[in-house]
Every structure is written in structure tokens, then in C-alpha cells.
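Just one chain follows, in the form predicted alone, and it is written as C-alpha cells.
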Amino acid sequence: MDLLKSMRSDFENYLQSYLDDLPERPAKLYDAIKHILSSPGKRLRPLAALLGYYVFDNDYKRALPAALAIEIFHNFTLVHDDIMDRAEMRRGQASVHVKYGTDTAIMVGDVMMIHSIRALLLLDEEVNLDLVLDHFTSTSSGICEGQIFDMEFEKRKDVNSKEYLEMVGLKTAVLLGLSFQSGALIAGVEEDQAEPLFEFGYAIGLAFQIIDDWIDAFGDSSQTGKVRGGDIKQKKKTLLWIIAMENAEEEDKAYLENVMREEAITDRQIERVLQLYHLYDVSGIALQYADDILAGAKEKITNSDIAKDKAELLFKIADDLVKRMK
């Protein structure tokens, strides 16, 4: 079993222990937490935390509480995002608010946020817990800020690619950066040594969101668990839509703008938007964005003092991210 598989297995066992220890009552609350955390996920963020530790110290299991904290927190944001986005599916199964009701889903998110902090308290006494908590809580606030920007973008027609990437940086990328950084800090390194790992994770997070947007439009729904064109239906100004707006002829640009003004977008309109994406090579441009960002992420690690064999493990994570849709 290779290292990444061992890390995943160790984390899954640790997560299962957490789920097994959840109270039985109120059943609806804790069943819902088990529902979201047991659903098939990539576990990219907890793996990043374990890798961030392993880069500096082989005993990565010391970082398992932080990996759990980050995974719980990430899923808390998904529960609340699905409510705000009115998303009915998550990872191929019913969203928490659909299965258990919106009121319960709100409370599920609240409890998961609390549990993510409690998980950090399980770190051993040698860890600088104040430092880890400081980064964790400041990043958590930034993610909420990013969500607000995302919601505001839905009402604007002039969002540009720079604004989009800044929003994604707050909403998505910082959590992956935090994951790598937390592992390094738990290993006992100084903040400046952990910074390249944060920047690496941040860059991967940006690319990850671009690819996630790509999958929504161009991926196979039977494999992704997503409804094709779901972002268009929700009138989200993803990078794909922004690229189309930046490259389309005036008539097509007007169509894209008008679709976003519709109270409800039809399946026929979604198909037309996807046709315009193909016409203006939105797929190729978006994937080039992701490739360039990933190349920059690797460069940050190459220019650091991280050992070559450890750097190659980090690069494998980045490469696997792209391979999932190519």
C-alpha cells in the first residue's frame, strides 16, 4: 500500500471512530451529520493536512485531529452552501436539507462547526494550539466572506476573471492552503517554513474550483453526481461564464446576459449556453487557466527547501487533481 493510500485509510478509520462516537439523540441531527460525512468524497483536504505534516516529519498520524477538523468544517460549509444554492444533490445523493429539512440542516452545520473546533483540541500538548487555532479561525472567517461575494456576484453582470479568482481564493482555495499549512505547523516548523505549503495549497484550490466549474458544464453526470449545467441553472457567474462573456460576439454576449436575468432558466436555455461555451472554446481556455496555476504551485515548492522526494508527493496530489477530468 503506497503512502497516500495509507494516509487515506488511516483518516477514514479516524473519521469512522468520530462518527461511531456521535450521540444517538437527537437521531435526526446526528444521522444527518453521518449522512454528509459518510458520503463518498475526495478527502483532498484531510490528505493535504497529513501531507503537510509528512513533509517535515514522517509521523503524520499526529495531524489526524486537524485533518478531521478540516474535513468536518469543509462539510459544514457544503451543508449551508446547498441550502443557499437550493442544491438538491451532493455527491450523488440527496443534500442534507432535502433529506432532513432546512431547519435541521442549519443546525447540522452549526454543530459541525463546533465539532471542528473540538477536534483540534485533541492535538497533543506539544503542538502550538494557539497558533493552529488562530490560522483555523481566521481562514474560517475568510471562507464566509467568500460565500457572500459569491452570492453578490449572482446579481451582477460585470464580474471579471480577477474578481472571480479573488472570490474563489477566499471561498475555496484558502481552506486547502490551511490544510497543508496546519500539518506543517503541527510538525513544529516556523510559520515562514509553512508558508510555501499554504501558497501551494492555495494555488491548487484555485485550480480545483476551475476544474469543478468545468465538470459542471462538461463532465459526465453519471460519474460526477452533478446535474449537468447546474451552475447555469443557478445563475452562477463561474469562470466559464466569465470567459464566454469576455470572448463572445455582441449578439451571443447579449444572450448570455439575458439568460442570467431570467427568473427561471429552462433546459433549452442551458443547452444553448453550453453550445456557446463550445463555440468560444471556454473548455480549453479554462483548462489552460488551471494548468498554469498548477505549474505555479509546483514552482513554489521547487523553490523551497522541501526535500525532493516529499515535493514529488505534493506534485502527485496536484497532478491527480487534473487527471480526474482529462
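These numbers were taken from a predicted model, which means no experiment stands behind them. One-based numbering along the sequence shown.
What comes next is about the form predicted in complex with another copy of the chain, which is not displayed.
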The unique member of A94, I148, V227, L165 whose heavy atoms fall within 4.5 Å of another copy of the chain in the predicted bound form: I148
W241 within 4.5 Å of another copy of the chain in the predicted bound form, heavy atoms: no
E249: touches another copy of the chain in the predicted bound form, heavy atom cutoff 4.5 angstroms: no
Distance check, F76 to another copy of the chain in the predicted bound form, heavy atom within 4.5 Å: yes
L279: touches another copy of the chain in the predicted bound form, heavy atom cutoff 4.5 angstroms: no
Another copy of the chain in the predicted bound form: contacted by all of R86, D134 and S141, heavy atom 4.5 Å: yes
Among 210-218, 188-196, 101-109, 227-235, the region lying within 4.5 Å of another copy of the chain in the predicted bound form by heavy atom distance: 101-109
